[in-house]
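Shown below, as structure tokens, is a lone chain in the form predicted alone; questions about how it binds or moves come after it.
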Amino acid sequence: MDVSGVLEAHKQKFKSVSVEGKVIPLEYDLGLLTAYDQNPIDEAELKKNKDEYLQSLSRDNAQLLFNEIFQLPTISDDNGVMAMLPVPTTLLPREKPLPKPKPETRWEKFAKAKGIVNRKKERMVFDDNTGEYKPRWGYKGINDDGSKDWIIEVPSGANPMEDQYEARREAKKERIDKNDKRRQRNLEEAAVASKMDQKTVNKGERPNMDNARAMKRKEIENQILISKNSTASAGKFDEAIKGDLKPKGIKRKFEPNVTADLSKEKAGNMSILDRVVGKNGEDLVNVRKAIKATKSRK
């Protein structure tokens, strides 16, 4: 039975993997699975049948891209055969700016200066008392500080009537508060580092962390002064509080309406007159500028 005719008819349904007619070879960036076609478009074919021409052009370019992908080295795993893509060569613009480097904590600076390397510890550790593996930290962890002990030995020199369970709980609270204060201090130092001058950052200089608390205190004082002026009287008739901050700045000084010294009153009036009409008959108004302004309005 001759089936060559059937096979040939079936073969003609599919296009060949080889694409011809490209005067300018395509440029590929296989790391991004992209191909760039710089060949000019045939305007006559585009006007004659737009959809068919674009579909044919897209199919040929996609076929050329797949031909290049199939020439890459491959690896096999449980998911199947995969091609090893090269490093992309096209630089794509970022949507958002680069993130700023996170400021180092005091421990990170100390470890860097002393050459201490942070080694990752295993989460589960063996408990000799129970003979089981327990988490190093957290719920049902091995670091429970003996809070579940059914009996506690009274330390030497301690009050025998003191509740040792309560003493352990208080010590744990103090450690938590101490760690929280350290965390707050690191946040304040990071705020100082973020407000550094860009020139200082470019020079690689470190911020003066000793001024972190002073800077935070000054910021709080400014916020308090701003809140004082938020009342209807701008803080003028607010009740004074002991140790309250007083706003600093230029205060207006009003002269009395009636003075015994007439020479001072005359000098004050003459100074006002000089500012209004000019001293020694000089013009205070720029006539040329005023004429230009009037013409532009018209």
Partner chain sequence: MLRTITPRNARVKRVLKNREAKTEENIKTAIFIRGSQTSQIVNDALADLYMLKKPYAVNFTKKNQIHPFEDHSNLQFFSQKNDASLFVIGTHSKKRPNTLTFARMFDHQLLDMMEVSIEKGTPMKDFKTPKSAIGMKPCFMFNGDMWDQNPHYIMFKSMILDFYHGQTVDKVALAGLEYVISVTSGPMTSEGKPGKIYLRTYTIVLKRSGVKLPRIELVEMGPSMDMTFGRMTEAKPDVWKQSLRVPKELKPKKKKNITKDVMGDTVGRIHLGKQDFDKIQTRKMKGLKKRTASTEDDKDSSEKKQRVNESDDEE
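C-alpha atoms forming the largest set that superposes within 1.5 Å between two forms make up the rigid core. Note that the structure is a prediction, hence the values are computed from the model and not measured. Residue numbers count along the first chain shown, from 1.
The same protein also has a form predicted in complex with its partner chain, omitted here; what follows describes it.
- Looking at 125-133, 214-222, 161-169, 97-105, the stretch with residues near its partner chain in the predicted complex, meaning non-hydrogen atoms within 4.5 angstroms, turns out to be 97-105.
- In summary, among the residues N39, N49, T231, N269, the only one with a non-hydrogen atom within 4.5 Å of its partner chain in the predicted complex is N39.
- Remark: L92 counts among the residues lining its partner chain in the predicted complex, judged by a heavy atom distance of 4.5 Å or less.
- Looking at E153, you'd find every heavy atom of it more than 4.5 angstroms from its partner chain in the predicted complex.
- With a 4.5 Å cutoff on heavy atoms, R59 counts as touching its partner chain in the predicted complex.
- The closest heavy atom approach of L273 to its partner chain in the predicted complex falls outside 4.5 Å.
- Relative to the superposed core, P99 undergoes a Cα shift smaller than 2 Å between this form and the one not shown.
- After superposition on the rigid core, displacement of the C-alpha of V87 between this form and the one not shown amounts to 2 Å or more.
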